[in-house]
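First, one chain by itself in structure tokens, the form predicted on its own.
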């Protein structure tokens, strides 16, 4: 079973002269455990495509099947739980809560699924230690380096055991060495846990980590 299947998916914004086709008839299959890198210049539709995959946007046309479920017609009320349990997100800006420590930023996702405090703390701690942050559990984001913040974000993305991880320009706010280390950590952990990973980026330095590289130009997957 594929983790993700796009069938002729398009996303159109606006109407008339302001109409923009951000994603144009995309067909995409991502297998379980596969790492796919989608590259393209700014404005090519990468973030829109990732938002469709993450159920943050609904397609204008086409069908999206996530982990065996056709989510195309799901209501806005149902989608948050689908995202919580099936998808992990890694953003270029980290999106950590500044008032929470590293472990609390990971725990909060587990609390949303109903885990009690003790179990959530144990699982979050183990995930962060796996990513080399055992001595940073109780540090606020302001006390962490960029690479450490992104590792906290990866722990948060993986802690709910999702079928798929989506990473939007994960190296954009990191120096070259930190960026490559972080992406390697993400893909190694995903492979180990048989998770699928879709990375959108224009960073050619990370091409070597992908099982497959696709290009997106003017909303078209090539």
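Residue numbers count along the first chain shown, from 1. This one's a predicted model, so the numbers in the text were calculated from it and none came from an experiment.
Below, we refer to the form predicted together with a small molecule, which is not included among the displayed structures.
- In short, of 64-72, 36-44, 180-188, 150-158 it is 36-44 that has heavy atoms within 4.5 Å of the small molecule in the predicted complex.
- Only one of the listed residues (206, 22, 199, 9) places a non-hydrogen atom within 4.5 angstroms of the small molecule in the predicted complex, and that residue is 22.
- Put simply, residue 48 is close to the small molecule in the predicted complex: some heavy atom of it is within 4.5 Å.
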